[in-house]
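A lone chain, given as structure tokens: the form predicted on its own.
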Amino acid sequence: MSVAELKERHLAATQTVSALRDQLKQKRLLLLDTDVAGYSRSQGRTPVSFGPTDLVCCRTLQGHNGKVYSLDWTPEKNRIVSASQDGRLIVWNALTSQKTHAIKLPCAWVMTCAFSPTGQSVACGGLDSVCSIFNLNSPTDRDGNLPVSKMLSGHKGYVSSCQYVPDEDAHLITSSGDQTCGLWDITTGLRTSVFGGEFQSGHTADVLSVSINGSNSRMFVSGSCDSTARLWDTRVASRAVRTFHGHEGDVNAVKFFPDGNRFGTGSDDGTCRLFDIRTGHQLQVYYQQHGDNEVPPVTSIAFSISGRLLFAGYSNGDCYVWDTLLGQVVLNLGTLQNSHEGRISCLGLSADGSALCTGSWDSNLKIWAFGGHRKVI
């Protein structure tokens, strides 16, 4: 068979796949007779209301000299780790605003950071394609720097996101610009599984984010520049359990819903979406029309502890609080007093759900606490 014939057959097969994908999309749309917001309204549900003191900025964490790219809360003790363009990780006491550690990184181009479940160590990764682990209890070197306790090498592209497997400090999942995710054994420093890559069901572009299911830590979801999110089972690395379509831009953020049966996404297309992992269906689109027709990309998302609220950070400095049931914006932190002066790059909720932390390109982090008549939603 000649090269020309092969090219012709490949083109025909590609067109067939595209046509079948369009047919599937139409079939799915026919099945979706309603969404979460439509059903909630039909049941007479009303949106969450916020008073002027219900969610306020109570602290500004200043110390970075560059854009803040990533943050993570420890599961206990009210500590936060943040990663910045200045090439440092800072560990903060969220109650006192004090810095407990300032870690100078071997590679300044850091993109992500994570706290271990016990709070004893932190991980980070970036353009060096390595995930570095720091033990916070290790003695500092002669120059006062905390040494790297383990380097997880294997990715062929930048490390965009990392998350420890819940309830253990021994395993970690990373996502990368090499179109794969990896499961790592931190004790040995070895990558035990690769998700994607040469496998047909893997992502076809950079993977930007991962989220591990809190109810079943063997399941995790990934978001990619190929405009899809994919569900994976760590026991079956060869293929994705399910692929979720719908976005029309890079999927910058993914986050599991508190019950573990759904997950949220945030994308360059300016929308957040809610998907069901059991049916594969899109349940809701969260989109706010802007007057200037500019649609700011969604950079990061987090759910409140009940799942009723979805916090979404945007590239224009807005931080919307969505009512997940009714699909309405109930508050914009970007319009409140002491809000950020730049792009919201990352955000996260404390383990008990009582506080939200946002990080920005203005080099600051801010802690927002529930007050007034409600402590947690």
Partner chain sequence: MMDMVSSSEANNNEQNARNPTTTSSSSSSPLPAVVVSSSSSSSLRGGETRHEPRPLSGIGGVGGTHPGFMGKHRMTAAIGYLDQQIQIIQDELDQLDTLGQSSVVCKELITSIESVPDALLPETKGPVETGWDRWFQGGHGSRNRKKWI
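Numbering follows the first chain given and starts at 1. Keep in mind the model is a prediction, meaning the values are calculated, not measured.
Not on display, but discussed next: the form predicted in complex with its partner chain.
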Checklist entry - Among Val68, Leu347, Cys319, Leu55, which has any heavy atom within 4.5 Å of its partner chain in the predicted bound form? => result Leu55
Next on the checklist: Only one of 184 to 192, 163 to 171, 136 to 144, 120 to 128 has heavy atoms within 4.5 Å of its partner chain in the predicted bound form; I'd like to know which.
Outcome noted: 120 to 128
Next on the checklist: Quick check on Gly157: any heavy atom within 4.5 Å of its partner chain in the predicted bound form?
Outcome noted: yes
Checklist entry - Is Ser217 close to its partner chain in the predicted bound form, meaning a heavy atom pair under 4.5 Å apart or at it? => result no
Item to check | 4.5 Å heavy atom contact, Asp233 to its partner chain in the predicted bound form | outcome: no
Checklist entry - Can you check whether Val91 is within 4.5 Å of its partner chain in the predicted bound form, heavy atom basis? => result no
Checklist entry - Of 1 to 18, which residues get within 4.5 Å of its partner chain in the predicted bound form if you count heavy atoms? => result Met1, Ser2, Val3, Leu6, Lys7, Arg9, His10, Leu11, Ala13, Thr14, Gln15, Thr16, Val17, Ser18
